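Shown next as structure tokens: one chain only, the form predicted alone.
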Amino acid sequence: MIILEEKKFNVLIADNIAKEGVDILRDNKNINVEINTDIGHEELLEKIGSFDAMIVRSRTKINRELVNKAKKLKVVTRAGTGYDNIDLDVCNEHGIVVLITPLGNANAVVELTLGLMIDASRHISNANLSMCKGKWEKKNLKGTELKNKTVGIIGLGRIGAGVAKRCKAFEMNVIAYDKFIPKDRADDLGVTLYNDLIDVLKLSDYVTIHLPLTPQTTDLIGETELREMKPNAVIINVARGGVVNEEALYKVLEENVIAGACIDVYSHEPADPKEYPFIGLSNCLTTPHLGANTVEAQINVAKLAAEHTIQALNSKIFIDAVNIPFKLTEDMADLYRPYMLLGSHLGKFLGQYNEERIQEVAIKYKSNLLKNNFEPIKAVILQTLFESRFMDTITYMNIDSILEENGIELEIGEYDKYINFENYIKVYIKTENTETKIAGTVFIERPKIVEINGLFFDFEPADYMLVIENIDKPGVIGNLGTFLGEKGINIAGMQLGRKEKGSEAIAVISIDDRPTPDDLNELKKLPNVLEIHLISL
């Protein structure tokens, strides 16, 4: 009788995780665990060749040099949500699946939000400080109750929805602003959804933010928006520093325009009070990014990291994968790379050009290379199109289920009309009010955009682009050039498109520097300019 030896996998834990996660791995009979949380890069290069999987946090860097030596590596699991320390491109090339654990800390962030809200309403932190100083300031610390107050939730994803449920338990009136969540989902939560951010700011006693930081959400709430809030209102940000303009926040707090703020996140961390002068104001409660910093969250993250890793190794089930779980040879990866980049550019461009809630998406393509395996390109387009629209982490693996959950129809197919390109990808989105389309090609391994809404172009996407919709009249482009020159913004390239003389036209201007929100508002006021879109790749 021949006894087959069970497959064994070697897993390296390279950064500290909770013991509960380690125990799960050790209890699995076909997992050999090595813990080396102090391992340096040079030592890791020597040892990585013997491991099938790694669990890391933010310390360990997974770069090309390391992956090239990781001959057996199949899975990298990030115990947490952010994965800036992992080179996804090189992992894709080598068929290494990268997993994250976005569910592990959601409840911790929800509870911190409620804790800050209660603290702000009852002055708990200030009361404690005054007591420590030997004072008895009961009369000066009269608070307010949450019951019957209105909370405005900006971003109704997993965390925002969790906050909504808790606030309902406090008998609060819950309203929300989220451009990308269908009304049915808000209705299920008992939340009134508004289409205008200003309406929510005006109506709310508490405003709490649960959005990712993207080009569209950077400075989403600036001085103008803050001044629309009630004088008794409190704003809470436990999401990302930069969604609220921090200079404007200090200004309105210093002037007592609003009652207060609770801030857990900052544009640069660790936060220096010299850089953020609202730290220390009596009407501002600040914490050092405590959102996921609970015993339970760290245990949850460790357990999920262990479970994800085991399932990926044993069952090829990739839970919360952030890259594409198929193997491309080096040669195929080189062929696919410009198309992946084109797909990324098309998704990002379209997502920033039309910021309305998407109801339908269609992707059409023409390419002999991609004909038998369009999945990588589809995944990249959808991930980049929707990455800034939901607070939930969008991955290549969960995008289809997220689209279904939000009632977004998807159609994929070959382009069936004549087109004078050997390879061609066209993406259409439909919203309640508009239909927008963009197309691109790869020419000499370089992505190009060749069509926007039926107008034809030929330009390589740049880091920053201004897309101007205007009436086709003399002087428009001259005014734009003069304005940008006065602002010190250099024009790197320009493309113009129109259907007929005097009709609506589109100009795409590649620029070297990012304009400020005030610059964009001024641009919109130029004669014959209809709309301005800043595209940031």
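Fair warning: this is a prediction, and the values are worked out from it, not measured in the lab. So that there is no doubt, residue numbering starts at 1 and follows the sequence shown. Only the largest set of C-alpha atoms that superpose within 1.5 Å between the two forms is called the rigid core.
Another form exists, predicted in complex with 3-phosphoglyceric acid; not displayed. Remarks below refer to it.
**Q** Thinking of 3-phosphoglyceric acid in the model of the complex, which stretch from 65-73, 52-60, 470-478, 498-506 has heavy atoms inside 4.5 Å of it?
**A** Going through the listed ranges, the match is 52-60.
**Q** Residue-level contact is defined here as any heavy atom of the residue lying within 4.5 Å of 3-phosphoglyceric acid in the model of the complex; does residue 348 satisfy this criterion?
**A** No, residue 348 sits far enough from 3-phosphoglyceric acid in the model of the complex that none of its heavy atoms falls within 4.5 Å.
**Q** Wondering, does residue 240 line up within 4.5 Å of 3-phosphoglyceric acid in the model of the complex on heavy atoms?
**A** So residue 240 counts as contacting 3-phosphoglyceric acid.
**Q** Quick one: is residue 323 in contact with 3-phosphoglyceric acid in the model of the complex, heavy atoms, 4.5 Å cut-off?
**A** No.
**Q** Wondering, does residue 79 line up within 4.5 Å of 3-phosphoglyceric acid in the model of the complex on heavy atoms?
**A** Judged by the heavy-atom cut-off of 4.5 Å, residue 79 is in contact with 3-phosphoglyceric acid in the model of the complex.
**Q** Does every residue of 120, 123 and 286 put a non-hydrogen atom within 4.5 angstroms of 3-phosphoglyceric acid in the model of the complex?
**A** Not a single residue of the candidate spot has a heavy atom within 4.5 Å of 3-phosphoglyceric acid in the model of the complex.
**Q** Given that 3-phosphoglyceric acid is left out here, which of 105, 92, 441, 204 has a heavy atom within 4.5 Å of it in the model of the complex?
**A** Among 105, 92, 441, 204, a heavy atom within 4.5 Å of 3-phosphoglyceric acid in the model of the complex occurs only for 105.
**Q** Could you tell me which one of 258, 292, 189, 193 places a heavy atom within 4.5 Å of 3-phosphoglyceric acid in the model of the complex?
**A** Checked against the cut-off, the match is 292.
**Q** For 149-168: residues with a non-hydrogen atom within 4.5 angstroms of 3-phosphoglyceric acid in the model of the complex?
**A** Sequence-ordered list is empty.
**Q** After fitting the rigid core, is the C-alpha of residue 99 off by 2 Å or more between the shown form and the other one?
**A** Yes: residue 99 shifts by at least 2 Å between the shown form and the other one.
**Q** Does residue 482 show a Cα shift reaching 2 Å between the shown form and the other one after rigid-core superposition?
**A** Comparing the forms between the shown form and the other one, which are aligned on their rigid core, residue 482 does not shift its C-alpha by 2 Å or more.
**Q** On a core-based superposition, does residue 56 travel 2 Å or more at its Cα between the shown form and the other one?
**A** Result for residue 56: yes, a 2 Å-plus shift.
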